[in-house]
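Listed next as structure tokens: two forms of one protein chain, kept apart as structure 1 and structure 2.
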Structure 1
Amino acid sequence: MNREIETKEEKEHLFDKPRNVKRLLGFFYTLLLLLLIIDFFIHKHPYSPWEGSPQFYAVFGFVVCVALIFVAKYILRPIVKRKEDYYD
């Protein structure tokens, strides 16, 4: 049933255009910048000194995610990766 659809000239989709991907990324980076700026103006009620330090959540989120990827890729994967038919 898919053949019918395939033979038709396929219409271009949203992210097929590199320009749209660029726009999305641009929007995303602007949002990040806004979040960094807003951080200076909000009233904070932290429970610990580090939670109250400027841009704590932004730095933490970025750093731990990079660390997560590196640990998963360079430490965990070499240890646990096996072929798909390993248990067969």
Structure 2
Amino acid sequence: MNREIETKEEKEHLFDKPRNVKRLLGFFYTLLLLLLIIDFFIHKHPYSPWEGSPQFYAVFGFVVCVALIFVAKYILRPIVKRKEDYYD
């Protein structure tokens, strides 16, 4: 009986509905596409020649993000990771 009352009282959050998640992803993809298109029309002041290429910062950000994931997974995790019985 108490369990039924608890389930009825559970608060529904914004991202519990898949429809809201799809809306948010659609918004982010649209914003990404818009920013990629705007990048062609913005005048840049590059310090190095490759900074002037179109979509440089998008590609650079993606590559650095992927590199950070691999560094965290294969270099930092073995350093920080402890055995399961470390605290026993």
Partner chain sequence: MINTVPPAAIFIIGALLIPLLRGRLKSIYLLLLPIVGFINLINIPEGTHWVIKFLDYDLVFGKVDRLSLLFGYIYHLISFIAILYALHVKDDIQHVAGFVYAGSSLGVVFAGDLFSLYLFWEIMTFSAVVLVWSNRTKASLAAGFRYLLVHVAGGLCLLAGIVLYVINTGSIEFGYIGLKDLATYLIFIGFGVNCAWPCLHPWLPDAYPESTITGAVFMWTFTTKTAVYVLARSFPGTEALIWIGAIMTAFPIFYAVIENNLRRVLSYSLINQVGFMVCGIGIGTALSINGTLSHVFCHILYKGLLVMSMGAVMYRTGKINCTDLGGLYKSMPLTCIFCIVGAASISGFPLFSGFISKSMVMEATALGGMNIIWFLLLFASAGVFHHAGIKIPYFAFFSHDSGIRTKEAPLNMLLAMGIAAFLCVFIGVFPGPLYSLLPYPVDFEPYTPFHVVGMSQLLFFSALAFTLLILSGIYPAEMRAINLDADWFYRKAGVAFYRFCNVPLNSFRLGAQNFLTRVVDSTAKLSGGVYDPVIHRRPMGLGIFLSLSLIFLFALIYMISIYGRF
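None of these values were measured; they are calculated from a predicted model. Definition used throughout: the rigid core is the maximal C-alpha set that superposes within 1.5 Å between two forms. For residue numbers, the reference is structure 1: its sequence is counted from 1.
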Taken from the structure described, the form predicted on its own is structure 2
| query | Relative to the superposed rigid core, does the CA atom of Pro18 travel 2 Å or more between the two structures? | reply | no
query = Fitting the rigid core first, would the Cα of Ile75 be found 2 Å or more away between the two structures?
reply = yes
